[in-house]
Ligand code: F0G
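We begin with a single chain expressed as structure tokens, specifically the form predicted on its own.
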């Protein structure tokens, strides 16, 4: 653990790097933020970055690169075919994951598209520890259905369970019995279940899932996009793995699954993605689609400079100092907010701090998108951009009815090596103020609602003048300080 003990006895997380390149950010006045919210249709995805102070929307593609990654980008081989850059990335993936075959893709959802087209047919079922928005969309678009087999603790926002991302083995067996193994396209484990707070699974649970899949002849697929955080938690929380190196744990995970895919916008701190497998049949089927959807086999829609950076970033992920920062900074935020009575997801997961919007805004019904309203309210009083992970992130059913999310969360991502402890302390302060004034926040309604992944492009409007009243209260309180 990279923590330092202060003379007071308090422990704080310690950055194991120094900042050598900086980017200036601006904190716009409250009036400007209100104007920006209106222009964005109260959807934080549509805010312009020039109006954002701390961008905690996601860790995807916004993690800081290391000096070694920047240097490697200068070595890139621009050849369309037979690129040495591809060879270096392929070799690194083979070394770390132990899979013979590697296919590049421009990001994680591109990998999902390829896998869905190869494995999913009308009537197919995919069993997962918890769904992710783009994964589910690709499966549904190809005629499949997603069945979740999460453990009961997964939906308990306040818990001490160390591995809330585990798959419920009884639910897995029951789903196989109900649908029949012939209808199961694949079983999917997400390393760090995003939508329930970046919660990890244990190596022991993955091994048990693997045994069930092997017994029924099912393909086991790992979404490794958030693997870095999951590796940290396995090493810290799973007693049997504490003596293992990060590299050993990684190989232990990889050996249990048939397919690994990842978004390098998360894993590797660059931009791109890839699919790794030992299955020659799957590799052959995926390989045929790659030039059609992504580009040639040796770049897959990626810049070769990014590919060089991914190869270095994957190696850096084997460093415990690197993978521990996001979970430790997240834990700092979670613990500070919990101390102030703010409802947060515990235990702290990876990816970022998750606020329980349903409890934070218990007066706002789910049909008025409390997590989306909380995201808008926090931006208004702080300039911090977070992401709604609740009902807005779900899709309506075939009849057009609202599908309510299991959890209503505001995710405040902690990009790796980007923000300082003082900036996180600022975030804690503004969230604390907002919690004290939470009754001022009202709901939202859609005024422009896309049918697919509406949280990306949809526009909303407040159901009252609550944004104006909230802005006035904030200006009044902080003007007195």
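Because the structure is predicted, anything quoted here is derived from the model rather than measured. Positions refer to the first chain, counted from 1.
Same protein, other form: the form predicted together with the named molecule, not shown, and the subject of what follows.
Hey, in the predicted bound form, is residue 226 touching the named molecule, heavy atoms inside 4.5 Å?
Residue 226: contacts the named molecule in the predicted bound form.
Answer with yes or no whether residue 44 is in contact with the named molecule in the predicted bound form, where contact means some heavy atom within 4.5 Å.
Judged by the heavy-atom cut-off of 4.5 Å, residue 44 is well away from the named molecule in the predicted bound form.
May I ask you to state whether residue 190 is within 4.5 Å of the named molecule in the predicted bound form, using heavy atom distances?
So residue 190 counts as contacting the named molecule.
I'd like to know if residue 194 sits close to the named molecule in the predicted bound form, meaning any non-hydrogen atom pair within 4.5 angstroms.
Residue-level check for residue 194: yes, a contact with the named molecule.
Determine which one of 294-302, 258-266, 172-180, 81-89 lies within 4.5 Å of the named molecule in the predicted bound form, judging by heavy atom distances; exactly one does.
Answer to the contact question: 258-266.
So which of 109, 136, 358, 99 reaches within 4.5 angstroms of the named molecule in the predicted bound form, heavy atom to heavy atom?
The residue from 109, 136, 358, 99 that makes the contact is 109.
Considering 423, 452, 60, 432, which brings a non-hydrogen atom within 4.5 Å of the named molecule in the predicted bound form?
Selected residue: 60.
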